[in-house]
Structure formats: C-alpha cells, structure tokens
Ligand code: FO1
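Take a look at this one chain, the form predicted alone, written out in structure tokens.
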C-alpha cells in the first residue's frame, strides 16, 4: 500500500509515527508544507521539511517536534551576542543542515533535490517531498502588522498565547507562481490512500492545497475511487496543540471539526473526528457536506495512541473501499 500524507506541523508527524508501525515507512510519502520557509541570517531555513526529515531519520527531538535531539546551541549563543535576529533558535547540528541547504540551492539544485540528498545522507526511512520548489511565505495580517508565520508563532509566541494577537487575514505570498513538484504529483497519482494530516488547516495544509496542481490532482484521485481522508486537529472546539482553532475563529470559520471538514469538503471522502465529538457536529458534516465521519481517539500522546489512530484509519477506510463505499 502506498500512502500520501499531507503534513506540516506536529500532528501530521505524530500520525506518521503511528502509520510506520503498521506499514513500511518507505511506502509513506509526506508532502510537506514549505510556506513556513524563511531566509534568516543569510540561510534558507525550512522548518516543516526539517522536522519531517529528522523524524524519518530518527533524530527529531520529539519532546518539541522540532530540532535535533541532544543538539547543542553554542553557535546560537554567539549569534545572540552579535545580532538582534536571534529570536529563532538554531541548534548546532540543525545549523549545519541549513548551511548545506543554502549552499546547494545557490548551486542551482531544487529544494526537492536538496531534501532528497539530506534524507539519504541521514538514513531516512520514509519519503519527504516539499510541496513546491518555488519559495512561498505565509504572512498573517495582524494587529501587530504584517508578520511572517515564523514571527507570528515564534517571535511573538502566538503558540503560547494565541488569543493575544488578532489575525484579520492570511496571505500565501508567492503561491500563484508555485507549482507542485513532479515528485509530489507522482506520489499522489500512485497513492492507494491520501491523508490530510492533523496539522494546522490554515498554516500547514492549505498552502499545500493552494499549490498549483495539488488540489486538482487529489480531487481527480478521489473521483477515481482513491480514499481521501482528513484527520482533524480539533476536538470540542480546541486544537490539541497550536493555534488552529483561534485562526479559524478569527478568519470566520467555525472553530470545530465541522469547520475543518468544510475547508476540505471538495476533495475529501472522509474525516476522522474525535470519538468524544458532539453528535450534532457529526450529523452536520454528514448532512451538509456529504462527508463520511470516522470516530476515533485522536489525541496522540503515546506510541500506542498514534498506532491505534493509524490502525482505525487504515482498517475503516480500506474496508469501505473494498465494499465500494469510499468514492
């Protein structure tokens, strides 16, 4: 079975951890958000791509779901002394990755090629594919001004207190020029199952779906009978981690599993909702959107949790496909 997982932040990575307990990790292709990439101190940094790379290589710091486990911050301590651009922490081994990436890009290599090279060098098990080789930046228009997504999340600590910054709109700057990589489209076209992971719908998944070619390709695969399943990051109106529910509310979407399903309703066949979800929301998703709901425990705090969710997703979706009920 070939699986495509659209992912950005922590939730999608945790689901990958569950899936790889059940299937060959090399049969899972993660198409990763690159709209949180940023040029900083002359280096090209790709946070979501790096987190996926480190996870598949067995070196991700899973206490934070960013950075390399056991990394030191000697270079960063000097950076803090020398510049005010020290709000984005860079570990020493992490910094080496950014240096190599920047060098290779300046040599003319595509981001996809650079990512493949780094994954091979680190012994990755799992396929990491950037959504595009074109630079895209997510910017949030807020009461503090125009903020790059990394400034919003890290510099101004929105993750710690998401209500303190009011967001009026989100712009995926450069997305009109961004095309899906051939590798991303090939993965989608050969997939037996496509999953929209439980990463932030607006900051992580939407940039991927707005990349030219992705949404249309997924929609066509669904029409061909391939299951396309979203996993919500929200339960009872709150995200397990991060700011998804707050951004949905600020931008006029229902900050619930229904709001997530509505964002994806033109391309998904099913959505996985938390088993504790309110019945009226489940019925609303089925009735208004025509999307099937799979109820499961979506809190992924342990390996058992992650594997159980992956098992429920795989067994339910594939059994429905066998019975002809997934299209």
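Positions refer to the first chain, counted from 1. Nothing here was measured: the structure is a model prediction, and the numbers come from that model.
Not on display, but discussed next: the form predicted together with the named molecule.
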Among 248-256, 220-228, 161-169, 148-156, which stretch has residues with heavy atoms no more than 4.5 Å from the named molecule in the predicted bound form?
148-156
Which residue, 82, 216, 75, 89, is the contact with the named molecule in the predicted bound form, using a 4.5 Å heavy atom cutoff?
89
Would residue 277 count as touching the named molecule in the predicted bound form under a 4.5 Å heavy atom rule?
no
Is there a heavy atom of residue 12 lying 4.5 Å or less from a heavy atom of the named molecule in the predicted bound form?
no
Check residue 44 for me: does it contact the named molecule in the predicted bound form (non-hydrogen atoms, 4.5 angstroms)?
no
Might residue 133 be said to contact the named molecule in the predicted bound form, defining contact as any heavy atom within 4.5 Å?
no
Heavy atoms within 4.5 Å of the named molecule in the predicted bound form is the criterion; list the residues of 47-66 that meet it.
47, 48, 50, 66
